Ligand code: AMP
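Presented as C-alpha coordinates, the chain that follows is alone, the form predicted on its own.
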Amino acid sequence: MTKVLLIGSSAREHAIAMALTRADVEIHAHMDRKNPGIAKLCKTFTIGPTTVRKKIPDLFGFDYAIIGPEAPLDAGISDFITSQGVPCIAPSKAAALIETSKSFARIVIDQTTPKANPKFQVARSVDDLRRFEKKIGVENMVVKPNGLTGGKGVKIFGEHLNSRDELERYAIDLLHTTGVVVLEEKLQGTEFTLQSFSDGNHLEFMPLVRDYKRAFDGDKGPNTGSMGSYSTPDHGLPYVTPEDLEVAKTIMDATLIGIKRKAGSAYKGILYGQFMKTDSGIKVIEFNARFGDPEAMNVLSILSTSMDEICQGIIDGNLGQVQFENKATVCVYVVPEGYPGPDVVKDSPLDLSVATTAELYHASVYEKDGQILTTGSRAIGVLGKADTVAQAREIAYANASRIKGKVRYRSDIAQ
(Lines give C-alpha, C1' and ligand atoms only; values in the text may rest on other atoms or scores of the structure.)
Protein backbone atom coordinates (compact mmCIF):
# COMPACT_ATOMS: atom_id res chain seq x y z
CA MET A 1 0.00 0.00 0.00
CA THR A 2 1.21 3.51 -0.83
CA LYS A 3 2.50 5.30 2.25
CA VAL A 4 2.05 9.10 2.21
CA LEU A 5 3.24 11.88 4.51
CA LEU A 6 0.74 14.76 4.64
CA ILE A 7 2.00 18.05 6.07
CA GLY A 8 -0.50 20.61 7.35
CA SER A 9 -3.44 20.93 9.73
CA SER A 10 -6.19 23.03 8.13
CA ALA A 11 -9.43 22.22 6.31
CA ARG A 12 -7.42 22.21 3.07
CA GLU A 13 -5.33 19.31 4.36
CA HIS A 14 -8.48 17.61 5.68
CA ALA A 15 -9.83 17.75 2.10
CA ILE A 16 -6.56 16.29 0.77
CA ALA A 17 -6.71 13.54 3.40
CA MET A 18 -10.29 12.70 2.37
CA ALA A 19 -9.18 12.40 -1.28
CA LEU A 20 -6.24 10.19 -0.29
CA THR A 21 -8.55 7.99 1.81
CA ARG A 22 -10.77 7.40 -1.22
CA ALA A 23 -7.60 6.41 -3.12
CA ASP A 24 -6.91 3.75 -0.45
CA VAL A 25 -3.47 4.96 0.64
CA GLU A 26 -1.91 4.88 4.09
CA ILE A 27 -1.78 8.41 5.50
CA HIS A 28 0.68 9.68 8.09
CA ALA A 29 0.26 13.33 9.04
CA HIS A 30 2.58 15.96 10.48
CA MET A 31 0.62 18.89 11.89
CA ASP A 32 1.54 22.01 13.82
CA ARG A 33 -1.59 21.32 15.90
CA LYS A 34 -3.87 18.30 15.99
CA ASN A 35 -6.73 18.58 13.51
CA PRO A 36 -9.37 16.12 14.76
CA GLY A 37 -10.71 15.46 11.26
CA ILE A 38 -7.29 14.66 9.80
CA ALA A 39 -6.24 12.60 12.83
CA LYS A 40 -9.18 10.22 12.34
CA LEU A 41 -8.05 9.46 8.77
CA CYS A 42 -4.40 8.77 9.59
CA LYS A 43 -2.58 5.66 10.65
CA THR A 44 -0.20 7.86 12.67
CA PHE A 45 0.36 11.56 13.20
CA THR A 46 2.96 13.78 14.80
CA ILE A 47 2.62 17.30 16.19
CA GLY A 48 5.30 19.94 15.72
CA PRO A 49 6.33 22.93 13.60
CA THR A 50 5.78 22.28 9.88
CA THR A 51 8.44 24.83 8.88
CA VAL A 52 11.40 23.33 10.80
CA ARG A 53 13.41 20.56 9.13
CA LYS A 54 14.43 18.93 12.39
CA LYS A 55 10.77 18.50 13.35
CA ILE A 56 9.79 16.62 10.18
CA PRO A 57 9.28 12.89 10.91
CA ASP A 58 11.73 10.24 9.79
CA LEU A 59 11.10 9.93 6.06
CA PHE A 60 12.14 6.30 5.70
CA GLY A 61 9.52 4.22 3.91
CA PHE A 62 7.36 7.03 2.54
CA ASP A 63 6.45 6.81 -1.14
CA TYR A 64 5.88 10.57 -1.34
CA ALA A 65 4.92 13.62 0.71
CA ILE A 66 2.23 16.25 0.14
CA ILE A 67 2.65 19.75 1.56
CA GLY A 68 -0.63 21.58 2.03
CA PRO A 69 0.10 25.10 3.37
CA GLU A 70 2.39 27.82 2.01
CA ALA A 71 4.61 28.50 5.04
CA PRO A 72 6.51 25.18 4.79
CA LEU A 73 7.13 25.90 1.09
CA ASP A 74 8.59 29.28 2.01
CA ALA A 75 10.82 27.53 4.55
CA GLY A 76 12.15 25.08 1.94
CA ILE A 77 10.62 21.96 3.47
CA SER A 78 9.90 20.46 0.03
CA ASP A 79 13.61 20.83 -0.88
CA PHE A 80 14.57 19.07 2.34
CA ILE A 81 12.14 16.19 1.78
CA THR A 82 13.27 15.60 -1.80
CA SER A 83 16.93 15.77 -0.68
CA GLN A 84 16.14 12.78 1.54
CA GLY A 85 15.01 10.76 -1.48
CA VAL A 86 11.25 11.18 -1.00
CA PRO A 87 9.32 12.81 -3.89
CA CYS A 88 7.23 15.80 -2.88
CA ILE A 89 3.89 16.92 -4.28
CA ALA A 90 4.82 20.56 -3.89
CA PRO A 91 7.13 22.99 -5.66
CA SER A 92 10.67 23.77 -4.56
CA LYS A 93 11.35 26.87 -2.48
CA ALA A 94 12.59 28.64 -5.64
CA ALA A 95 9.51 27.70 -7.70
CA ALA A 96 7.14 28.53 -4.81
CA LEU A 97 8.28 32.16 -5.09
CA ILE A 98 5.31 32.49 -7.47
CA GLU A 99 3.31 32.78 -4.22
CA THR A 100 5.82 33.69 -1.55
CA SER A 101 7.20 36.72 -3.42
CA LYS A 102 4.68 39.05 -5.06
CA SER A 103 7.48 40.85 -6.90
CA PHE A 104 8.70 37.54 -8.37
CA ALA A 105 5.17 36.76 -9.55
CA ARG A 106 4.62 40.14 -11.21
CA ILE A 107 7.98 39.91 -12.97
CA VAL A 108 7.27 36.37 -14.26
CA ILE A 109 3.88 37.48 -15.59
CA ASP A 110 5.47 40.57 -17.15
CA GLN A 111 7.93 38.32 -18.98
CA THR A 112 5.31 35.85 -20.23
CA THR A 113 1.83 37.41 -20.50
CA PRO A 114 2.23 41.12 -19.65
CA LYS A 115 -1.38 41.97 -20.52
CA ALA A 116 -2.44 39.85 -17.55
CA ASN A 117 -0.69 42.21 -15.12
CA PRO A 118 -2.24 45.35 -13.70
CA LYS A 119 0.02 48.39 -13.73
CA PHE A 120 2.54 47.72 -10.97
CA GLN A 121 5.76 48.87 -9.36
CA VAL A 122 8.23 46.88 -7.29
CA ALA A 123 9.19 49.74 -4.99
CA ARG A 124 12.48 49.75 -3.11
CA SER A 125 12.48 53.39 -2.05
CA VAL A 126 10.16 56.26 -1.17
CA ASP A 127 11.05 57.79 -4.55
CA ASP A 128 9.67 54.66 -6.28
CA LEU A 129 6.49 55.02 -4.21
CA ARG A 130 6.02 58.69 -5.13
CA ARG A 131 6.66 58.05 -8.82
CA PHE A 132 3.97 55.37 -8.92
CA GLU A 133 1.56 57.62 -7.02
CA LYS A 134 2.10 60.31 -9.63
CA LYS A 135 1.70 57.81 -12.47
CA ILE A 136 -1.70 56.32 -11.55
CA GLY A 137 -3.02 58.47 -8.69
CA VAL A 138 -3.08 57.49 -5.04
CA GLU A 139 -6.84 56.79 -5.21
CA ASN A 140 -6.14 53.94 -7.67
CA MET A 141 -3.48 52.16 -5.61
CA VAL A 142 -3.15 48.83 -3.86
CA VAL A 143 -0.25 48.21 -1.45
CA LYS A 144 1.01 44.63 -1.05
CA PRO A 145 3.72 43.23 1.22
CA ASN A 146 6.16 41.23 -0.86
CA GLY A 147 6.06 38.09 1.28
CA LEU A 148 3.46 35.93 3.02
CA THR A 149 0.97 37.66 5.30
CA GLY A 150 -1.78 35.06 5.65
CA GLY A 151 -3.99 36.87 3.15
CA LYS A 152 -4.35 39.91 5.38
CA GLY A 153 -1.55 42.28 4.32
CA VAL A 154 -3.02 43.68 1.10
CA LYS A 155 -4.51 47.13 1.58
CA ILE A 156 -6.59 49.05 -0.96
CA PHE A 157 -7.02 52.81 -1.06
CA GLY A 158 -10.60 53.71 -0.24
CA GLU A 159 -11.24 50.45 1.59
CA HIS A 160 -8.40 49.97 4.07
CA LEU A 161 -6.41 53.16 3.49
CA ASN A 162 -8.37 56.41 3.51
CA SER A 163 -5.77 59.10 2.82
CA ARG A 164 -2.46 59.64 1.06
CA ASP A 165 -0.71 59.91 4.43
CA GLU A 166 -2.19 56.60 5.61
CA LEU A 167 -1.18 54.83 2.40
CA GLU A 168 2.34 56.23 2.48
CA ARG A 169 2.82 55.33 6.15
CA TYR A 170 1.82 51.74 5.46
CA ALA A 171 4.01 51.45 2.36
CA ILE A 172 7.00 53.10 4.05
CA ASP A 173 6.65 50.82 7.10
CA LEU A 174 6.83 47.82 4.75
CA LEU A 175 9.88 49.32 3.01
CA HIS A 176 11.63 49.76 6.35
CA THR A 177 10.72 46.22 7.44
CA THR A 178 11.49 44.23 4.28
CA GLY A 179 13.19 46.63 1.86
CA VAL A 180 10.55 46.14 -0.84
CA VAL A 181 6.84 46.71 -1.37
CA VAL A 182 4.66 45.90 -4.38
CA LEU A 183 2.37 48.69 -5.59
CA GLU A 184 -0.44 47.89 -7.99
CA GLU A 185 -3.31 49.45 -9.85
CA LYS A 186 -6.69 48.82 -8.23
CA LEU A 187 -8.78 46.57 -10.48
CA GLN A 188 -12.55 46.45 -10.88
CA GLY A 189 -14.35 43.29 -11.91
CA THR A 190 -15.42 39.80 -10.80
CA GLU A 191 -12.98 37.24 -9.46
CA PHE A 192 -12.66 33.53 -10.15
CA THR A 193 -10.24 30.77 -9.18
CA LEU A 194 -8.64 28.26 -11.55
CA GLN A 195 -6.54 25.53 -9.91
CA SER A 196 -4.36 22.97 -11.65
CA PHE A 197 -2.17 19.94 -11.08
CA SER A 198 1.34 20.32 -12.55
CA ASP A 199 3.86 17.60 -13.40
CA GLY A 200 6.45 20.22 -14.38
CA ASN A 201 5.64 19.89 -18.08
CA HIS A 202 1.94 20.55 -18.36
CA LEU A 203 -1.13 21.45 -16.31
CA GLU A 204 -4.33 19.51 -15.72
CA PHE A 205 -7.02 22.03 -14.82
CA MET A 206 -9.69 21.70 -12.15
CA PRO A 207 -13.25 23.10 -12.10
CA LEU A 208 -13.59 26.86 -11.70
CA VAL A 209 -14.50 28.10 -8.21
CA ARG A 210 -15.80 31.42 -6.92
CA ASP A 211 -14.93 32.32 -3.33
CA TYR A 212 -16.08 35.07 -0.98
CA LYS A 213 -13.32 36.70 1.02
CA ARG A 214 -15.21 39.47 2.83
CA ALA A 215 -16.40 38.76 6.35
CA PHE A 216 -20.05 39.76 6.00
CA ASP A 217 -23.02 39.49 3.64
CA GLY A 218 -22.97 41.66 0.57
CA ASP A 219 -19.16 41.46 0.39
CA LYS A 220 -18.85 43.87 3.30
CA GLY A 221 -16.22 44.06 6.00
CA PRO A 222 -12.57 43.03 6.15
CA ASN A 223 -10.97 40.30 4.08
CA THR A 224 -10.74 36.83 5.58
CA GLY A 225 -9.15 33.61 4.40
CA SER A 226 -12.58 33.11 2.78
CA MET A 227 -16.12 32.68 4.08
CA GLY A 228 -17.24 30.23 1.42
CA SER A 229 -17.18 29.20 -2.22
CA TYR A 230 -19.09 27.40 -4.95
CA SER A 231 -18.61 25.49 -8.19
CA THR A 232 -21.11 24.45 -10.86
CA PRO A 233 -21.91 21.04 -12.38
CA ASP A 234 -20.44 22.02 -15.77
CA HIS A 235 -17.21 23.12 -14.01
CA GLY A 236 -17.55 26.71 -15.26
CA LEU A 237 -19.01 29.88 -13.77
CA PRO A 238 -21.95 31.86 -15.14
CA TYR A 239 -19.93 35.01 -15.79
CA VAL A 240 -16.80 33.31 -17.20
CA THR A 241 -17.08 32.69 -20.95
CA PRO A 242 -15.24 29.85 -22.71
CA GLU A 243 -12.95 32.54 -24.18
CA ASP A 244 -12.25 33.92 -20.68
CA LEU A 245 -11.36 30.44 -19.46
CA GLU A 246 -9.00 29.85 -22.38
CA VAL A 247 -7.23 33.14 -21.64
CA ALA A 248 -6.79 32.12 -17.99
CA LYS A 249 -5.45 28.69 -19.00
CA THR A 250 -3.04 30.30 -21.47
CA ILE A 251 -1.76 32.62 -18.75
CA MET A 252 -1.18 29.68 -16.39
CA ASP A 253 0.53 27.59 -19.08
CA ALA A 254 2.87 30.49 -19.82
CA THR A 255 3.49 31.04 -16.11
CA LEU A 256 4.56 27.39 -15.72
CA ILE A 257 7.26 27.98 -18.32
CA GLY A 258 8.16 31.37 -16.85
CA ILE A 259 8.66 29.94 -13.36
CA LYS A 260 11.08 27.30 -14.63
CA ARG A 261 13.01 29.92 -16.61
CA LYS A 262 13.34 32.38 -13.73
CA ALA A 263 13.57 29.97 -10.76
CA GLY A 264 15.66 27.32 -12.52
CA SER A 265 13.32 24.68 -11.14
CA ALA A 266 10.43 22.81 -12.77
CA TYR A 267 7.15 23.47 -11.00
CA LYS A 268 5.51 20.31 -9.61
CA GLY A 269 2.43 20.28 -7.42
CA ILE A 270 -0.60 22.58 -7.37
CA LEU A 271 -0.68 25.90 -9.21
CA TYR A 272 -3.57 28.15 -8.20
CA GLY A 273 -4.56 31.21 -10.20
CA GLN A 274 -6.80 33.96 -8.81
CA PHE A 275 -8.14 36.01 -11.72
CA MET A 276 -10.34 39.03 -12.21
CA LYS A 277 -12.52 39.61 -15.24
CA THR A 278 -12.22 43.32 -16.00
CA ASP A 279 -13.26 45.65 -18.83
CA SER A 280 -9.66 45.48 -20.08
CA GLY A 281 -9.45 41.68 -20.03
CA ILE A 282 -8.52 38.85 -17.67
CA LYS A 283 -6.02 39.97 -15.03
CA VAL A 284 -4.04 37.98 -12.46
CA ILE A 285 -4.76 38.93 -8.86
CA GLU A 286 -2.29 36.39 -7.50
CA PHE A 287 -0.85 32.92 -7.86
CA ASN A 288 -0.66 30.40 -5.03
CA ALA A 289 1.65 27.40 -4.82
CA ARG A 290 -0.97 25.12 -3.23
CA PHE A 291 -4.70 24.43 -3.09
CA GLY A 292 -6.97 27.23 -1.99
CA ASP A 293 -8.95 27.00 1.22
CA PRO A 294 -11.92 26.50 0.80
CA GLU A 295 -11.48 25.82 -2.95
CA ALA A 296 -9.76 22.50 -2.19
CA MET A 297 -13.01 21.26 -0.66
CA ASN A 298 -15.00 22.15 -3.77
CA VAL A 299 -12.76 20.38 -6.26
CA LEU A 300 -11.44 17.42 -4.27
CA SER A 301 -14.93 16.43 -3.12
CA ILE A 302 -15.88 15.76 -6.77
CA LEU A 303 -12.54 14.29 -7.90
CA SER A 304 -13.14 11.06 -9.87
CA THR A 305 -9.53 10.19 -10.69
CA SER A 306 -7.55 8.52 -7.90
CA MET A 307 -5.56 11.09 -5.93
CA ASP A 308 -2.76 8.55 -5.65
CA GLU A 309 -2.71 8.12 -9.44
CA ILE A 310 -2.49 11.91 -9.84
CA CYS A 311 0.38 12.16 -7.38
CA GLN A 312 2.29 9.35 -9.10
CA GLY A 313 1.83 11.14 -12.45
CA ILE A 314 3.17 14.38 -10.96
CA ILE A 315 6.23 12.55 -9.61
CA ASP A 316 6.90 10.74 -12.89
CA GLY A 317 6.30 13.81 -15.06
CA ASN A 318 3.55 12.11 -17.07
CA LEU A 319 0.32 13.29 -15.47
CA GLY A 320 -2.70 11.96 -17.34
CA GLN A 321 -6.15 13.44 -17.75
CA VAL A 322 -7.90 14.22 -14.47
CA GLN A 323 -11.66 13.70 -14.22
CA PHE A 324 -14.27 15.30 -11.95
CA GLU A 325 -17.92 14.49 -11.28
CA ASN A 326 -20.47 16.77 -12.92
CA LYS A 327 -21.75 17.95 -9.56
CA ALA A 328 -22.26 21.38 -8.02
CA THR A 329 -20.62 22.22 -4.70
CA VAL A 330 -21.24 24.96 -2.16
CA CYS A 331 -18.96 25.46 0.84
CA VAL A 332 -20.06 27.64 3.77
CA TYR A 333 -17.51 28.44 6.47
CA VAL A 334 -18.80 28.43 10.03
CA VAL A 335 -16.69 30.84 12.11
CA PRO A 336 -16.64 31.92 15.76
CA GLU A 337 -18.73 34.91 16.77
CA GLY A 338 -16.66 38.09 16.45
CA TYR A 339 -14.49 36.71 13.64
CA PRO A 340 -12.29 38.25 12.26
CA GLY A 341 -12.18 41.01 14.90
CA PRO A 342 -10.32 41.37 18.20
CA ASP A 343 -13.31 40.14 20.23
CA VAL A 344 -13.56 36.78 18.46
CA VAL A 345 -14.86 33.95 20.65
CA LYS A 346 -12.21 31.34 21.47
CA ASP A 347 -12.27 27.98 23.24
CA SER A 348 -16.00 27.65 22.68
CA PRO A 349 -17.52 24.15 22.24
CA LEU A 350 -19.20 23.10 19.00
CA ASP A 351 -21.85 20.42 18.55
CA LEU A 352 -21.55 18.89 15.06
CA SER A 353 -23.68 15.83 15.72
CA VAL A 354 -26.79 16.98 13.85
CA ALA A 355 -24.96 18.22 10.73
CA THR A 356 -24.96 14.86 8.99
CA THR A 357 -25.99 15.36 5.35
CA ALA A 358 -23.05 17.56 4.32
CA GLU A 359 -19.31 16.96 4.27
CA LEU A 360 -17.68 18.67 7.26
CA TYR A 361 -14.07 19.79 7.08
CA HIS A 362 -12.25 20.69 10.28
CA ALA A 363 -10.27 23.92 10.09
CA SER A 364 -8.98 25.85 13.12
CA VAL A 365 -10.49 23.76 15.87
CA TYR A 366 -9.13 21.43 18.54
CA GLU A 367 -10.44 18.51 20.56
CA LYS A 368 -10.54 18.28 24.33
CA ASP A 369 -12.28 15.57 26.34
CA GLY A 370 -14.05 14.39 23.20
CA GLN A 371 -15.40 17.85 22.38
CA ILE A 372 -14.57 20.13 19.43
CA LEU A 373 -13.66 23.70 20.38
CA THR A 374 -12.92 26.90 18.44
CA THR A 375 -9.53 28.61 18.29
CA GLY A 376 -10.60 32.05 17.05
CA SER A 377 -10.17 31.45 13.33
CA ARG A 378 -12.39 29.72 10.76
CA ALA A 379 -13.84 26.60 12.37
CA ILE A 380 -15.74 24.24 10.05
CA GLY A 381 -16.15 24.11 6.29
CA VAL A 382 -19.63 22.79 5.50
CA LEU A 383 -19.86 21.43 1.96
CA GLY A 384 -23.01 20.57 0.06
CA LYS A 385 -22.77 18.52 -3.15
CA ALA A 386 -25.67 18.01 -5.54
CA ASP A 387 -26.82 18.14 -9.16
CA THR A 388 -27.45 21.91 -9.05
CA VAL A 389 -25.96 24.86 -7.21
CA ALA A 390 -29.34 25.57 -5.59
CA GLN A 391 -29.56 22.02 -4.20
CA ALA A 392 -25.93 22.07 -3.00
CA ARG A 393 -26.54 25.43 -1.36
CA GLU A 394 -29.61 24.10 0.45
CA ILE A 395 -27.61 21.16 1.83
CA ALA A 396 -24.72 23.38 2.95
CA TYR A 397 -26.92 25.92 4.74
CA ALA A 398 -29.23 23.33 6.30
CA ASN A 399 -26.22 21.70 7.94
CA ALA A 400 -24.42 24.94 8.83
CA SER A 401 -27.55 26.01 10.72
CA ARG A 402 -27.50 22.76 12.71
CA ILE A 403 -24.02 23.38 14.14
CA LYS A 404 -24.53 24.49 17.71
CA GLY A 405 -22.20 26.93 19.42
CA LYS A 406 -21.14 30.57 19.46
CA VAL A 407 -20.69 30.70 15.70
CA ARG A 408 -21.92 32.56 12.62
CA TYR A 409 -21.64 32.35 8.82
CA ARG A 410 -22.41 34.42 5.75
CA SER A 411 -25.91 33.81 4.41
CA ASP A 412 -25.26 34.79 0.78
CA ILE A 413 -22.68 32.28 -0.50
CA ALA A 414 -23.68 31.23 -4.05
CA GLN A 415 -26.87 33.25 -3.78
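No experiment lies behind these values; they were computed from the predicted model shown. The first residue of the shown sequence is 1; numbering continues from there.
The form predicted together with adenosine monophosphate (AMP) is left out here; the points below concern that form.
Note that among 151-159, 236-244, 76-84, 257-265, the stretch whose heavy atoms approach adenosine monophosphate (AMP) to within 4.5 Å in the predicted complex is 151-159. At a distance of at most 4.5 angstroms from adenosine monophosphate (AMP) in the predicted complex, none of the three residues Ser198, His202 and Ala248 contributes a non-hydrogen atom. Among heavy atoms of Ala94, none comes within 4.5 Å of adenosine monophosphate (AMP) in the predicted complex. The closest non-hydrogen atom of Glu286 lies within 4.5 Å of adenosine monophosphate (AMP) in the predicted complex.
Although the partner is absent from this view, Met276 contacts adenosine monophosphate (AMP) in the predicted complex, with a non-hydrogen atom inside 4.5 angstroms. Mapping the unseen interface onto this chain, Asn223 counts among the residues with a heavy atom inside 4.5 Å of adenosine monophosphate (AMP) in the predicted complex. The single contact residue among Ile136, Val180, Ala71, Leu187, judged by any heavy atom lying within 4.5 Å of adenosine monophosphate (AMP) in the predicted complex, is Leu187. Of the candidates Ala215, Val122, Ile310, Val142, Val142 is the one whose heavy atoms come within 4.5 Å of adenosine monophosphate (AMP) in the predicted complex; the others do not.
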